[in-house]
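Before any questions on how it binds or moves, here is one chain, the form predicted alone, in structure tokens.
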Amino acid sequence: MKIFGNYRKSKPIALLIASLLAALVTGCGGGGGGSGTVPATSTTTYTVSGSVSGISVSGLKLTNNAANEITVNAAGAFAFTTHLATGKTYNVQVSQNPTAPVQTCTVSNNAGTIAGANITDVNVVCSVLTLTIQGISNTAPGQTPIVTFHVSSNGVPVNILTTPFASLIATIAGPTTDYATYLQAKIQGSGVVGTLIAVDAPAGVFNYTFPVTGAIPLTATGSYAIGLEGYVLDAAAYPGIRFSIVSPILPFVVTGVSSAAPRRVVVDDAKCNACHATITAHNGVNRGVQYCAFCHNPNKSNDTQVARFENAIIVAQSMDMKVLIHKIHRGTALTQPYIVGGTPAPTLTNPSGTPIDFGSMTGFPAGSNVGACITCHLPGTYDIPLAQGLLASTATKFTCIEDPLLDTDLYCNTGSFNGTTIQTQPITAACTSCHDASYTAAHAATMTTTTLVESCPTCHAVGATNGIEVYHTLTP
């Protein structure tokens, strides 16, 4: 106050105001320790940009670092509006694929660190690679099926005899009441079997005859289904990128029914892509959720990939679709480990194989309602009771009887790796995949009869006191 008083007595009011403003500016400079120097605030920033190619990209959306979303409605150059300083990272992803027409866009050169220059080479390629199954014959038990299919890229027929797929596989699964088994055959790529011939090569139409090992099982009845999976490569232009198809599926009659019945549809790609943009699996090879259930059926456990240590008891987890997907989305909220073996599988020098701990992953998006089944499921497909005739989910408990003192390695040889099945009934398998506490499993087991009838609907059916809709809200 004394200083202020001295200013009032000895200096003009204009000079007083100027001095106060200067002091205020110096103070707001922040952290200067009273030096009186205003630090520089300008920082050079750089753009992240690239180009999009495709027959039409209307509705394409891109994000950088999971933010700064932009919409691209035409092929050509694009640039993100948020600029980045040197040392900052960038990661460009597709958040929504084009909708007119529906196609898949793949990015390359899309991640890195700003190093004092604009990023200009992010490459987005949008394409429509399509396979359509036109029909299938020779589908009685014991016969080798012949499937007819059409191939096109961006609406133009493709002759795959001159422009082959890097990998093209046919899979047959059945019965469609609930897939219990499957068989596969390689049409193109490494390990080809069977016979591929052209019906009309310029029009992109081909026949493929399965090998004898791909014959319809002698015990097969009812309806089965065939699906195709495949991808192409353009190693020169887009190294490391796989352009894959959405797997087409066609149900067909084996015996005992008058018309083919498809498997029930529980989720669809649109719901998956609402979060994942383009849902793929197995390093971008597989697309199409309905096709996943061909192999990830109730009888599938992780038996070929699970760790194989001597003198150990190891559980190969169920790889049934409803178990696998629920656990992946539950992630870190699981109370029990869900570790499965990946690729490569265990070997003599690496008995652990390639373990993947889904319980350590993020799971459902933070802040989302994990109890909102409708986020992923189609309406009514998760109601209790479930559809009739569904199979129990299978895990395998392996006991290694090999004496570790008999050799110098840690690997359990095949003859000593003995497995017994662990089956979990359908409702219990679905519910305990998320609610995995031991006491929940005990409750479900107590409520299942010795003849494997689940009493869950008594309390948890829709409309019951503790119906599924009470705790699993209908809105995301």
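Small disclaimer: the values here were computed from a predicted structure and weren't measured. The term rigid core refers to the most C-alpha atoms you can superpose between the two forms while keeping them within 1.5 Å. The first residue of the sequence shown is number 1, and the count goes up from there.
Missing here is the form predicted together with a small molecule; even so, the following discussion is about that form.
Screening 334 to 342, 399 to 407, 78 to 86, 111 to 119 for residues having heavy atoms within 4.5 Å of the small molecule in the predicted complex returns a single hit, 334 to 342.
Checked against the small molecule in the predicted complex, the residues 144, 97, 299, 305 give one hit for a heavy atom within 4.5 Å, which is 305. Taking a 4.5 Å heavy atom cutoff to the small molecule in the predicted complex, the contact residue among 176, 280, 153, 139 is 280. Using a 4.5 Å heavy atom cutoff, none of 45, 61 and 126 lies near the small molecule in the predicted complex. For residue 148, no non-hydrogen atom is located within 4.5 Å of the small molecule in the predicted complex, even though that partner is not displayed.
Remark: residue 53 does not count among the residues lining the small molecule in the predicted complex, judged by a heavy atom distance of 4.5 Å or less. Although the partner is absent here, residue 242 lies well away from the small molecule in the predicted complex, with no heavy atom inside 4.5 Å. In the predicted complex, the small molecule stays beyond 4.5 Å of every heavy atom belonging to residue 423. For residue 378, a C-alpha deviation below 2 angstroms is recorded between this form and the one not shown after rigid-core alignment. Core-superposed comparison between this form and the one not shown: the Cα of residue 177 travels less than 2 Å. Once the rigid core is used as the reference frame, the Cα position of residue 110 differs between this form and the one not shown by 2 Å or more. Between residue 93 and residue 267, the Cα distance is smaller in the predicted complex than in this structure, by no less than 3 angstroms. A shift of at least 3 angstroms brings the Cα atoms of residue 91 and residue 326 nearer to each other in the predicted complex than in the displayed structure.
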